[in-house]
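Okay, here we've got a single chain as structure tokens, the form predicted on its own, with questions on binding and movement later.
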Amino acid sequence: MSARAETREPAARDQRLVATWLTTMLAVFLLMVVLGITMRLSQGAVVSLSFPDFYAIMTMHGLGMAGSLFAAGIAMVWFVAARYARPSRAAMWIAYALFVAGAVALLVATLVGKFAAGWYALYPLPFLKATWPSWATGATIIALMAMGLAWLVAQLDILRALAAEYGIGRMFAWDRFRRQDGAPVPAAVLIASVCAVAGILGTIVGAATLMMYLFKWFAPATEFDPLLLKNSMFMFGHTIVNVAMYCGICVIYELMPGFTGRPWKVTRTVVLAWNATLLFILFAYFHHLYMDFAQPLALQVLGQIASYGSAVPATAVTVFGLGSQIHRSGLRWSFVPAAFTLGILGWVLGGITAVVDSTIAVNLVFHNTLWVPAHFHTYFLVGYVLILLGFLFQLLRSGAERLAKVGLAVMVAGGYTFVLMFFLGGMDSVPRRFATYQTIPYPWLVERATELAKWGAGAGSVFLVGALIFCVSLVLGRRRSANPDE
């Protein structure tokens, strides 16, 4: 085990690798934003989509968003790992190729083949009276397996590199409970280790689930237990979505001290919080299954406890740590720390509303309303995505500060208005996953839901304009950095 804990700047080839991952994921993200706006325009009766088209777009939007943002999170964690250990560039390029191949296949399966079973594709729905051809189902399964293999290759290599550098116990900072002498493991390494282990376990469960889907596709007479596959699919989906968020938090722990001049201390409280998060995040998905009355009651109670356990400790130590970083530090509010801080705010707000929804008594009312997309759009759109853009701005060393800040302000205005329309819809019991509200037998609810959808589409468009302004700032900022006399 090496005693080295100092930070080293990744080589130029490392930076090009991570930049390639992130710019690709940014392009996929912008395409998914366009699909999301299209759905809200359809629900607002501004454009007309057939049911098969709407649900195919909804499937691509959900899978594309979750997949690309998780992949971006892995790339950010790889960057952190490369500052302290020696992950493999070859493994990351192989993972990149697998992910891109899977993403292209998924686009074809949904937008051409019209596969429309939703991101969860709950068994056995994809195989029952499908409105899409069988090849689209098979292509979707294989596409997801390719992306899952990409994530697994990258995460296993990150975990190998960190374990080789620090050893299993020290990478999780367990030595903080035995003695206080010696340099603690960097905070970002602790979180990167948590992300890698949770992400690997979630991905393996997803791979096993998809193997059964593939078997069913090849041999339609085969039958599996629907509740078991529902559990495994939600364990996979919920875990990787939450790990993506923690990958963003990881780079804040790593990079924020560079702006404040203060180290992010690894206290016993921080160690306990993140190790508890690793334990609870693997069981928090049970809160998706409160409506399954065949599920044993103990699992529902476990889901309630794990939902609070996975959210509260990590949030508390991160918010307190960020406050300690900023308070009287003389921080200059350039784009990156501003994006990081606003990202934490969005994460906290989305997390609080998620915890509210994971409370059994509340979930009984909100489960199938727009409150659900409201909370996960909040911690992604005005949380994680802002952190991701801040990291990308820092990675590419863009010099267009003012233009990037304009883009950030526009994104924040559009993003919060967008999610507010979801929250208002949830409070009014507007149902989610409806292609059109015109069939709802309550005229006042149809009018309210349609109006909120129009406002949501408009606000989403404002967010998209802000994101495009940010993209322009990257291009101009890179050119300005290369030619400082311009």
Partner chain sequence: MRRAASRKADAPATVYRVRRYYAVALIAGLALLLFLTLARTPYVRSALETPDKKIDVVGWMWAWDFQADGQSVGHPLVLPARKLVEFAVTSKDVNHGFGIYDPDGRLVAQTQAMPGYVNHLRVRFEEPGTYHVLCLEYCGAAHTIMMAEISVQ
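Residue numbers count along the first chain shown, from 1. Source: prediction; values computed, not measured.
Beyond what is shown, the protein has a form predicted in complex with its partner chain; the following relates to that form.
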item: Segment assignment from 155-163, 84-92, 362-370, 137-145: heavy atom within 4.5 Å of its partner chain in the predicted complex; value: 362-370
item: is_contact(residue 429, its partner chain) in the predicted complex, heavy atom dist at most 4.5 Å; value: yes
item: Contact test in the predicted complex: residue 123 vs its partner chain, heavy atoms, 4.5 Å; value: yes
item: Any non-hydrogen atom of residue 332 within 4.5 angstroms of its partner chain in the predicted complex; value: no
item: Touches its partner chain in the predicted complex: residue 454 (any heavy atom, 4.5 Å); value: no
item: The single option of 104, 316, 208, 97 touching its partner chain in the predicted complex, heavy atom within 4.5 Å; value: 316
item: Single option in 217, 290, 264, 376 placed near its partner chain in the predicted complex, where near means a heavy atom within 4.5 Å; value: 290
item: Contact set, 112-141 vs its partner chain in the predicted complex - heavy atom within 4.5 angstroms; value: 116, 117, 118, 120, 122, 123, 124, 125, 128, 129, 131
